[in-house]
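The chain below stands alone, shown as structure tokens; this is the form predicted on its own.
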């Protein structure tokens, strides 16, 4: 006998598999990804600029990279 997967008791009543669950999943995933990208960009931008500056020619000191002048 083949086993059948029943959706009774799971999720909201009356919702089928094609009633926007894919759209909801994509929306949730994109929201999660944008929140993570915001955190990465917020905390990673300045260190990235410093690393790029340290690897350039002529080799500046860290104090020269951090100072505004």
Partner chain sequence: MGSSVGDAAAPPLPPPPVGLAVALPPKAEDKSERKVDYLNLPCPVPFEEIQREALMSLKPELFEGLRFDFTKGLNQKFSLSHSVFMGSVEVPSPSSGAIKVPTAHYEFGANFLDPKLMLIGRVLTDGRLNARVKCDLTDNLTLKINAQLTNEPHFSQGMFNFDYKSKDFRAQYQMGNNAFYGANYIQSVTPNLSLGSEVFWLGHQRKSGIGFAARYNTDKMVATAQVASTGIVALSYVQKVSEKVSLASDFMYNSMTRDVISSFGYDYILRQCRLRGKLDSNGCVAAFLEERLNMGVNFILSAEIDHQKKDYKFGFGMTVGE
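Fair warning: this is a prediction, and the values are worked out from it, not measured in the lab. Numbering follows the first chain given and starts at 1.
Another form exists, predicted in complex with its partner chain; not displayed. Remarks below refer to it.
Engineer: For residue 25, is any heavy atom within 4.5 Å of its partner chain in the predicted complex, or not?
Structural biologist: Result no; residue 25 lies far from its partner chain in the predicted complex.
Engineer: Could you confirm whether residue 36 comes within 4.5 Å of its partner chain in the predicted complex, counting heavy atoms only?
Structural biologist: Contact with its partner chain, no.
Engineer: Is there a heavy atom of residue 20 lying 4.5 Å or less from a heavy atom of its partner chain in the predicted complex?
Structural biologist: No, residue 20 is distant from the partner.
Engineer: If you apply a 4.5 angstroms heavy atom cut-off, which residues in 22 to 58 are near its partner chain in the predicted complex?
Structural biologist: Stretch hits, in order: 38, 41, 42, 45, 46, 49, 50, 52, 53, 54, 56, 57, 58.
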